[in-house]
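Take a look at the C-alpha cells below, where one protein chain is shown in two forms, each on its own, as structure 1 and structure 2.
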Structure 1
C-alpha cells in the first residue's frame, strides 16, 4: 500500500517545491492564468495595474530576502529602485542596448551600491540601520536632483529602453500571426521575470545560504558560533536585495517611459515595507500576495472614486477628501488593521486555510 500523498519521508521530500498534487495543480493553474489573462483582460487600465503590481512584486521579493530572511531592516529600497531606473534610461535608452544588457547592468549597479551600504549593516543593528537607510533615501533624492547629466534633474528624464529579447519584442509582440498590444507583451515579460526571481529566491532560501540567512536573522552571534559567516551573509543579502530592487526599478522606468526624482521618496520605501509585512515576512509567496493587495488597492480607489461619497475627484468638484488623501489614509488604516489582527500577513492566512484543509475533517 502506497503512502499517503502528504506524507513526508525525508529531507528531500520536505524541500520539494511542488510536492503534493494540490501544489502541482496550483502550479498548472498559475501558468494557465499567466498565459491566458492578457488575452482575456485586454483593457489597458487593468493590464497596466497588473504590470505595476508585477514590478512591485519583483522588488518586494528582494526586500523580503533582506528583511524577512536576513532580518536587516532597510528603508532605503526606493534609492536602489531609482538607481535602476536611471540605468535603464542611460544604458537601455541612450545607448540603445538590448533588454538583457540593461537589466543586468541595473542588477550589477544595484549590487555595487548595496555593497557600499553593507558595511553599515555590520556595525549597526535594528533601528539604527533603519534610520541610516532612511537617510539614504534623502541623500539619494539630493543626488538625483543634482546629477542632471544622468537623471535630467528635477524635470526628469525619458526612458526609451527597448524590451526586445532576441527576435521577440515585448513592446510590440507579433506571435504566430497574432498582434499583441504593448501592455499584453509587458504583462508576459514582467510576470515571467517575477516567476524567475521567485524561483531564484525560493531556491536560495531552501538551501544552505537561505538557512544561513535565517540563522543570522534569528541570532547572529549564535550563527557565527556554528560556523556561519554572519558578516558575509549580511552584506550578501544587502547586495542581492539591492540588485533585485534596481532591476525592478529598471523595469519600472522602461515601462513607464519617464521617471523623475519625486518618485523615489520615502513613501515608496514604506510601501515596499508594507507589502512585505502585509504579505508576510519571510515568505516569497507572501511578497507577491502583498504586492497584489497593496498595489491594486490605490488603482481600485482611483477607478471607483466617483462612487465613493465625499471624495473630491477633480479640482473644482465637491467632497472633503482628495483621492490621493483617501488612498493614503486607507493605506494607513489597512496597515494598522492588518498588524493588529493578522501579524503574520496574507501568507499566514493562506497557511491557516491550507492547514485546515490538510487536516480536514479534524479541526487541528
Structure 2
C-alpha cells in the first residue's frame, strides 16, 4: 500500500510544473534573476541584446508548438512576425491605443492569417508544406514593399506604440521613486511576457489538446482512428503559432521603433528554425535556450565583427565574408551539427545531465 502511494505521489509530482523542491528552487532563482538582472546589467547594449533574445524566445515558442509538437514544418514565420510589427505601427502608433490592445490586435491578425494558411496542412506535409510556407516570405516581401499606406514601402515606417500597462509605463519606468531606463523597463516587460506565454504553452501541451497535437505529429492517420480530428488540430496549431509570432513581431516593432521590409526575409525564418532545432524540438524551455544561444548571435557578430578574422564590415573593407553571410552560414552549420550529433538539442543535453545527477551514484 505504501509503495502504491509513493508511485501515485511521484506521478502527481511529474504532472505538476514545479512539483519538486529543486523545481521550486529553480523557479525562485529565475524570479530573482528576472527582478535583479536589469539593475546589475545597466549597459544598454547588453540589455538590448537580452530584450531581442526575449522577443525571439517569444516567437520561437510559437514555432515550436507548430513544428515540435504538431510536426508541421513552416518556413514562413517571418511573414507573421512582420504582420504583427505593422499592427503595432498602426494600432499602437497611429491610433495611440494602449499596449494590451495592440498586442491583442496583432495576435488576432496573426491567428486569422494562420487560419488561411492552415488548410494547406490538410493536403500537404513535409517538404511540400515547407515550400508552401516558404512562399509566404516572398508574398509578404511583395506586400510590405507595395502597401505603402500601411508599411511605408521600402523606406520603412516608424513605430511609436506605447508600452504602458495602466499607470505603469515600461518605456519610462518609475517605481518607488526610482527611475529606470527604457531598456530596463522593456526587459521586465518582454521577459514577463515570455514567462507568461511559456507557462500557457507548457500547460497546453500537458492537456488533452496538447496530447492530441503530439499524436498528430507522430502518426496523424492513427490519431484519426482513435478519434483525434487531425485537420482541426493542424489548423489550430497554425493559428496559435501565427498569433504568437505576430505578437512577437509587435513587440519587436514597438521596441525597435522602426521597421522596414528588409527585416522580414528568409534569413529570419531560418534563424527561428535554427533556434527550435538547437534548443530542442518539442520542448518549451528548449525554445528559450535556443533563443539565448542562437538569437544573440547576429547582434554579437555585428558588435564584434572587427575582431573576427576574415569578416568584411563594409564596402571596400578587407575580408572574404560579410556579416550577413556569416550569420547565414552559422545558422546553417548549427542546424546541421545539432541534427547530426544532438537531435534533441540543448534541452536533450540538459535532460541527460539532470538524469545523470538524479541517478547518481548509480549513473554511468
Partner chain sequence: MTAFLQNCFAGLSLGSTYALVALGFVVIYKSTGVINFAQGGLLALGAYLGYTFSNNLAVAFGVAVLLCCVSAALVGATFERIVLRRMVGQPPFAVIMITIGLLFVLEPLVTAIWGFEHKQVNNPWNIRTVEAGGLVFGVRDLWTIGLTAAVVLAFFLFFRYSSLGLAMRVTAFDPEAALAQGISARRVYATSWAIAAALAALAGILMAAGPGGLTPSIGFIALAAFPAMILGGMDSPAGAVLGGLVIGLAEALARGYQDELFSWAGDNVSVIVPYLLMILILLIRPYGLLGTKEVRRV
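Numbering follows the first chain given and starts at 1. Keep in mind it's a predicted model, so treat the numbers as computed, not measured. Rigid core here is just the name for the largest C-alpha set that superposes within 1.5 Å across the two forms.
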Looking for the form predicted alone among these two structures; is it 1 or 2?
2
For the two-part rigid movement between structures 1 and 2, is residue 161 in the part that also holds residue 207?
yes
Return the inter-part rotation between structures 1 and 2: the angle in whole degrees by which the smaller rigid part turns against the larger, from C-alpha superpositions.
7
Once the core is aligned, what is the C-alpha displacement of residue 297 between structures 1 and 2? Give it in Å to one decimal.
2.7
